[in-house]
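In the structure tokens that follow, the same protein chain appears in two forms, which are kept apart as structure 1 and structure 2.
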Structure 1
Amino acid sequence: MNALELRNIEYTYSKNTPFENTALKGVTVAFEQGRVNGLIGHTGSGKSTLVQMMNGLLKPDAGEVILAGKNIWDEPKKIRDARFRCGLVFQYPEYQLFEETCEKDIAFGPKNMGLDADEINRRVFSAADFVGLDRDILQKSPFELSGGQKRRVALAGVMAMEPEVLVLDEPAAGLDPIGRTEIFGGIRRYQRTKGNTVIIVSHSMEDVAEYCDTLTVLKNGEVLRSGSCAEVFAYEKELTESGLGVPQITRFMRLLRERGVKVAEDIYTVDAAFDELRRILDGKRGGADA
């Protein structure tokens, strides 16, 4: 089952003006229910435009946006539903915090959904748990927090709406390695607990390799390729030509293969590389002993 499907999406900015700019040229992509999907592409490839299609912030010139089997534009007056069911976390969401306390800020979304107080409370605490925010932080003003903490509050605010599809645009941009691990850990906890679908837009090949089940590559407003990480990262040359690349470790495995070492081709995390080399080296050590 697909949680979200985009079919033949076309979109042009500033149509019929000298600044006309076609951002999406017939994009078709499906995001399977309950998986973490990566969306990658060079600057200007159409990622952000596509993301804004997903919950109806932008209306496609042509094509369909199917959320849980139903075109979100069938009833334009109910488009607000799509905004709750497909939650969008923009880049640098910490700039959008505005409430007096973190708790109120996280509660803003569920409140707008018209939920009762008990349910709002439950959701605020559960979202705070996903992103690892302590209870005492919830009573603080968001402006007293560090950048990484603010980012987690903003993320919790969208998670508290418990959207069927959670879309995140560069969730870890500008964070240090620990901050990145915390943010991605929170996203993973949300996804595993709720079984909901997640879409992550990122420029870091290492991060998508580590956290995503599937990848979709956009290039100049078209889908260049989509599939599992292994299927996509097999095309190193094509990705590099499209302004992207493969994780450093994947490139390193290729260097080893070029030198005659028979390592598997589907390695894109350090852990997998370690296991593979350990297997080869242990085998060799065993062989030498015999």
Structure 2
Amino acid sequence: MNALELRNIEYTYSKNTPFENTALKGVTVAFEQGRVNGLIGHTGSGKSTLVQMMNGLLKPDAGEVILAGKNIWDEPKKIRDARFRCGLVFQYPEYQLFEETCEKDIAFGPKNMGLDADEINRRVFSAADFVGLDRDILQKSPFELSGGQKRRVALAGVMAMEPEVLVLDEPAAGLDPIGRTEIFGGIRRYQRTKGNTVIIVSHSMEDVAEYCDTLTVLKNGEVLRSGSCAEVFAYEKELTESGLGVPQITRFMRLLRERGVKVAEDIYTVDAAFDELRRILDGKRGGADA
């Protein structure tokens, strides 16, 4: 079952002007319920435009946006409901913080949903736990926090609405490796606990290989490839020509194969590479012992 589908989406900026630019050309893509889906593409591929279609921030010139089986534009006056059900976290969301305390900022979305105080508190604390925010931080001003902590507050604010679909545009941009791991770990825990659908927009092949179940690749406003990580990364040359490539560990393992080391071809994460190399070394030790 698909949580979100975009069917034959077309969109052009600045129509009928000298600056006319077609961003999306008949894009059709489906995001499966209860999975982490990756959306990748080089700058200008149409990712950001497509993301803004998902919860009605932009209305397509043609095509349908199907959320839980229903076109979100069938009833334009209820488009606000779609934005609660499909939560969008923009790149560098910490710039959108504005409340006096972190707790109030996280609670802003649930309050607008009309929830009672007890439910709002439950959601605020739950979301804070998922992103790794200590309770004492909740009473501080978000502007007193580090960049990584601000990112967590902004992410928790969308998680607190408990959307059916959570869309994250470059959620770890600008963070150090530890910060990236913590942010993505929280997202993964949230998805597994809630059983909802997550869509991660990223330029990092390492991140999508590590955390995504499926991938969709955009190029020049069209879908280039879609499928599992293994299916998409099999087209290394095509991805490289599109300015993306494959994870560095995948290239490393390919170089080993070219030098005669018999490693598997479907290696896309460091953990998988470690297991594969350990298997080979244990096999050689066993042969030597024999």
Partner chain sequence: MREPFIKFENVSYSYEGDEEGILLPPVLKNVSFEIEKGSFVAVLGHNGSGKSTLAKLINMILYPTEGRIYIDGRDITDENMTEDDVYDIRRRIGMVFQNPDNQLVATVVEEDVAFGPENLGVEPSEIRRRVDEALETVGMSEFKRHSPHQLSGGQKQRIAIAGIIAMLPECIVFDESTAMLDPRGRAEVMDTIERLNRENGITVLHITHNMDEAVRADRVIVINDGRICIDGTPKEVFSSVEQLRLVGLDVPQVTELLYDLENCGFDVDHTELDEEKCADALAKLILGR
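So that the term is clear: the rigid core is the largest set of C-alpha atoms that superpose within 1.5 Å between two forms. All figures in this text were calculated on a predicted structure; none of them were measured in a lab. Here, a residue number simply tells you its place in the sequence of structure 1, counted from 1.
Structure 2 is taken from the form predicted alone, while structure 1 is not. Positional change of A62 between the two structures stays under 2 Å at the C-alpha, relative to the superposed core. Positional change of K237 between the two structures stays under 2 Å at the C-alpha, relative to the superposed core. Core superposition gives V261 a CA displacement of 2.6 Å between the two structures.
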